[in-house]
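One chain follows as structure tokens, the form predicted on its own.
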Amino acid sequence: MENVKISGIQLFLLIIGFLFGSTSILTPVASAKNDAWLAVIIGGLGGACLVWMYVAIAVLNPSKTLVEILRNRFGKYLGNAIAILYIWYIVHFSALTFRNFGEFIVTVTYPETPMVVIIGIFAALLVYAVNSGIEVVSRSSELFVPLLFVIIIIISLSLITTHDFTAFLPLLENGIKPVLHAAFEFATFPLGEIFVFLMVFPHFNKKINNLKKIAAFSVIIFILLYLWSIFEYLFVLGKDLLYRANFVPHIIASLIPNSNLEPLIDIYLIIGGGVKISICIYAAAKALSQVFGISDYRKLVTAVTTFSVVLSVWVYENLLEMVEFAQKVWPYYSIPFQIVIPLILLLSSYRAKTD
């Protein structure tokens, strides 16, 4: 473990930026339509339980990364095998985030520019950031992530006169099933993806028990902000357009009269997506270095990022396929990595602690 320390405020901002990483493009609860706000509450509670599980694993295994925990609990060979599966999963969803970014920029801002060029430029910047170290990424979050709060406030205040405050009614118009499906989707994307911070938590410079408070505060703030955003989407767009639209925040910004605030959504995406992909690349490169005994994870950052970029371009045929995968496949694909294996790690860690 390199001698790098992350403060409490840095960890809080990293988590916030990570959670907002793709939600400026995809709206995981849109399928619940006018009950999307209820899906956020239910899914937020479920996602908070997942985050609590990851933090509990970190507290029971202080100063250990995910790879080291897997080795301790499953043995060297099985632990390394599971770690490789996790590396694939992390690289996969960093590629999906790259593609989210590319689809948005090419569709909305630069329609004549090849997507691979957009993603490649973004990836080059992130390679530089991650090679500079997780501490530099953390310090950058102190500078940029607060802008997310400013952007949310500016857009909310600009739309204050265009709201229909009855848009969320009637309650449970289509039954509870769509709400539960959307809630599960929200729990796994983005809250369940916080497991990747098991590669970052060992750098936390405070007492390990303070990690619980920071993680809980981060998740609560995110859920409240996202709940506010969903109500705003419903009040401005209505349930039908919310369900059909692909880039909801951009549409919201374009409806603000006598202004041009769409570039703020681009900034929102670059900041959130940058934090999320940086954490993923760092976690994957660090995990690879530990599995294969490489002394410096920086030797692998460029290779991991290049593979993610290639995968991001290859993985989908078009925007509709990307959205369908995020809604129908990703939540179930994530179950072993976000729920099953972490639950086994939690139980085995707790048992080892009490023996």
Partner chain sequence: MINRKDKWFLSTAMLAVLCLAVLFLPGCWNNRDLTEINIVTALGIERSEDGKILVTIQVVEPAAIQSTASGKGKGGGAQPKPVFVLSYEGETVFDALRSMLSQVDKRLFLTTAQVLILGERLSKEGIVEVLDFFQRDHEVNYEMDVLIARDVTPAELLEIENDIDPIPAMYIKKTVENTVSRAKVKRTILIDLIKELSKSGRQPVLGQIAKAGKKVVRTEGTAAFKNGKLIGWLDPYATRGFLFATGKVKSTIVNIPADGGKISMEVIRSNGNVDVKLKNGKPVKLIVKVNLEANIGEYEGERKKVSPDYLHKLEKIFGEEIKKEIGRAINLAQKKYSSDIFGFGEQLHKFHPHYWKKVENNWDDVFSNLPAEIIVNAKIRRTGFIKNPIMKER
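On a predicted model such as this, the values are computed, not experimentally measured, just so you know. Numbering follows the first chain given and starts at 1.
Absent from the display: the form predicted in complex with the partner chain. The rest refers to it.
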property: Proximity of residue 244 to the partner chain in the predicted complex, heavy atoms at 4.5 Å; result: yes
property: 4.5 Å heavy atom contact, residue 203 and the partner chain in the predicted complex; result: no
property: Partner contact for residue 221 in the predicted complex: the partner chain, 4.5 angstroms, heavy atom; result: no
property: Touches the partner chain in the predicted complex: residue 75 (any heavy atom, 4.5 Å); result: no
property: Interface stretch in the predicted complex with the partner chain - options 210-218, 249-257, 223-231, 195-203, non-hydrogen atom within 4.5 Å; result: 249-257
property: Interface residue in the predicted complex among 155, 148, 236, 83, criterion: non-hydrogen atom within 4.5 angstroms of the partner chain; result: 236
property: Residues within 4.5 Å of the partner chain in the predicted complex, restricted to 96-113 and counted by heavy atom; result: 107, 108, 110, 111, 112, 113
